[in-house]
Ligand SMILES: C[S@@+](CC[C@H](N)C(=O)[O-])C[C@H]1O[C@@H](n2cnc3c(N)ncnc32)[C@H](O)[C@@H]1O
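Next comes just one chain, in structure tokens: the form predicted alone.
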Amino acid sequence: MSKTSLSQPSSASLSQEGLHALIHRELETEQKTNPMSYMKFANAKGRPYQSYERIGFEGLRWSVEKRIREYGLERYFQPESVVLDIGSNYGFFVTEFALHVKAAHGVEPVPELCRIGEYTADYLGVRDKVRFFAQKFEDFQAPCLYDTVFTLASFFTSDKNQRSSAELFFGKIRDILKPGGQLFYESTSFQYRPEQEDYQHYVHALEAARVLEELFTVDDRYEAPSGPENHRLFMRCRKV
């Protein structure tokens, strides 16, 4: 588990501006040390990846709150649930869910991003409900069985940190879910035609869908636009 050292400032009593300063400090380090940082991608132009209205933090993607509304994730706000976010990035989904559930965990291989999640959890007063694991999901040893698992653009990732097979990835998710537990899958952004840059993400979204249909009961499956040319696949699943 990633832990904030005693030499690092506490974010529990910081202003919003102070929290932003801590976040940007970690992002500067991550951008320098991580060759596959999303802030280095051409479309990022050095901007942060995630957005969070609750702390006034702007990034490239829709805010955590808007994605929760658009994806209908409020259905997973259950007070006694323990949830896991795979590829938790800045940890903003984890901290938002910690406001509504019993406990929320995040798996994220970049330690600077885990620290951002910890700072944000301190700031929001939910640190005792949050755990971050600075490792790849393939190496993750779950400390419990989960009621709900989210894999939001964390299978076949653009930064190439995730490249295991769909059988291994989603099979492991099934193993760490409680009976009747739920999985919400969001694909990475894809394009339909073989000559297009993001076509391989479509191929792997279809492979993910095939495996999910085999391993779970699928309650919902749909596609939605992602920017002017791309799309994403979404699936709601249950372990039976």
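All values reported here derive from a predicted model rather than from experimental measurement. Numbers follow the displayed sequence, beginning with 1.
Omitted from view is the form predicted together with the ligand, to which the following refers.
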| Going by a heavy atom distance of 4.5 Å, is E186 a contact of the ligand in the predicted complex? | yes
| message | Test of understanding: in the predicted complex, would V110 fall inside 4.5 Å of the ligand by heavy atoms? | response | yes
| query | Can V82 be called a contact residue for the ligand in the predicted complex at 4.5 Å between heavy atoms? | reply | no
| Contact of K136 with the ligand in the predicted complex (heavy atom, 4.5 Å) | yes
| the ligand in the predicted complex: within 4.5 Å of a heavy atom of each of F170, A205 and R236? | no
| task | Could you spot which one of F93, Y123, Y146, F132 gets a heavy atom to within 4.5 Å of the ligand in the predicted complex? | result | F93
| said: Using a 4.5 Å heavy atom cut-off, which of 210-218, 191-199, 170-178, 61-69 contacts the ligand in the predicted complex? | reply: 61-69
| Going by heavy atoms, what in 40-58 lies within 4.5 angstroms of the ligand in the predicted complex? | Y49, Q50
